[in-house]
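Form predicted on its own, single chain, as structure tokens, below.
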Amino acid sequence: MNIEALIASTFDGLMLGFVFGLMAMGLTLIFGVMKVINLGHGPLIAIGMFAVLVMSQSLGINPYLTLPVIIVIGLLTGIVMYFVALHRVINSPELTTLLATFSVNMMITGLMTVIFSTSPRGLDVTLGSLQFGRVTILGTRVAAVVIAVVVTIALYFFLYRTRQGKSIRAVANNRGAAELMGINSSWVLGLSFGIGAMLAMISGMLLATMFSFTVLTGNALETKSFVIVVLGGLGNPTGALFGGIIIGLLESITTIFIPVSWVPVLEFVVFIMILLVRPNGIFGARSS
């Protein structure tokens, strides 16, 4: 075994894991607040990818400078999705909300396929590299980690230091009691869904700077997000972050020993083992 390859894969997996964690945080936040499994998560990631592609190639904007626009688009898209697809059925059985988000998934995927087709796309982004001996770390990975960490810190500050964030936590803990205290739960739920969609699109934007992608890439990443969420604990954003890091390391390191095509199989083996051994995830599900 090449020790330098192992070190390089560990660094690569660690950096990729932060982006995976951010991606899964959007999914677990929505579940933690409203107990909805968002099957529209994948297309939201894809929208982030194609939004940065369009702004970069058609408008000539540096991909990283599209971040503020991605944040606004993600937040507004999520709020609209909530009020159009979920607001009327939010108190219905879980299967109803599951089918509602699945319908959104199908509609967005179909629309994007018509507009962009399913051909692979990619961004030409170069930020140089850092050299540590024979280990090379790409600048795009470093930039992705920095943005993911900054967004995570901003989310923590928002949830624990602002009035709106405290309202979200109150509704997540007890919606009925929060409404008795004068909190508009409908707006809070819409805002929560918007933040979840925003995180999905930001992660899509970051992944687009590192890998090629298609309209259907988001659905594969949605599946990975579910693995990470279960690994970290349902409704636990911190657990999702660490779960993403674990999956990132698992993906990068195992490719040294096994073919890349076997990595998804290994991830699902881990997924099943977690469900059997520790159903609440390694870091525990968020308690209501």
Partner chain sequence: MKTLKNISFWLLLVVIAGVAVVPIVQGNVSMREDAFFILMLVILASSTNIIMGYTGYVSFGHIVYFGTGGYVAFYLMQTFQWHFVLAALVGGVAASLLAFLLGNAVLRLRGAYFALSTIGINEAVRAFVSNFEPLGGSIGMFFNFSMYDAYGGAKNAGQLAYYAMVVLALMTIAASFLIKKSKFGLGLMSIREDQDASMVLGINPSRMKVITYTISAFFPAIAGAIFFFKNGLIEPGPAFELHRSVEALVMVMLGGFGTVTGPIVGAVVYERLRGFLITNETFSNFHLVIAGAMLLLIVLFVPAGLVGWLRLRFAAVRRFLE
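Positions refer to the first chain, counted from 1. Everything numeric here is computed off the predicted structure, so don't read it as measured data.
Keep in mind the form predicted together with its partner chain is missing from the figure; the text below concerns it.
Peer 1: Note which of V89, V72, V150, M181 lies within 4.5 Å of its partner chain in the model of the complex, where distance is taken over heavy atoms; exactly one does.
Peer 2: Partner contact (heavy atom, 4.5 Å) among the options: V89.
Peer 1: To verify the annotation, which of these, L111, A154, L76, V146, has a non-hydrogen atom within 4.5 Å of its partner chain in the model of the complex?
Peer 2: That would be L111.
Peer 1: Each of V84, I272 and P279 having a non-hydrogen atom within 4.5 Å of its partner chain in the model of the complex: is that the case here?
Peer 2: Result yes, every residue of the spot touches its partner chain.
Peer 1: Based on heavy atom distances of at most 4.5 Å to its partner chain in the model of the complex, which listed stretch, 238 to 246, 61 to 69, 48 to 56, 34 to 42, is the contact stretch?
Peer 2: Of the options given, it is 34 to 42.
Peer 1: Taking its partner chain as it sits in the model of the complex, is A177 near enough to touch it, meaning that at least one heavy atom pair lies within 4.5 angstroms?
Peer 2: Taking the distances in the model of the complex, the answer for A177 is no, it never comes within 4.5 Å of its partner chain.
Peer 1: So, in the model of the complex, is L189 in contact with its partner chain at a 4.5 angstroms heavy atom limit?
Peer 2: The answer is no: L189 has no heavy atom within 4.5 Å of its partner chain.
Peer 1: At the 4.5 Å heavy atom threshold, is S103 in contact with its partner chain in the model of the complex?
Peer 2: Flag for S103 set to yes.
Peer 1: Answer yes if any heavy atom of L221 is within 4.5 Å of a heavy atom of its partner chain in the model of the complex; otherwise answer no.
Peer 2: Residue-level check for L221: no, no contact with its partner chain.
Peer 1: Using a 4.5 Å heavy atom cutoff, which residues in 218 to 235 contact its partner chain in the model of the complex? It's fine if the answer is none.
Peer 2: Residues within 4.5 Å: T223, F226, V230, L234.
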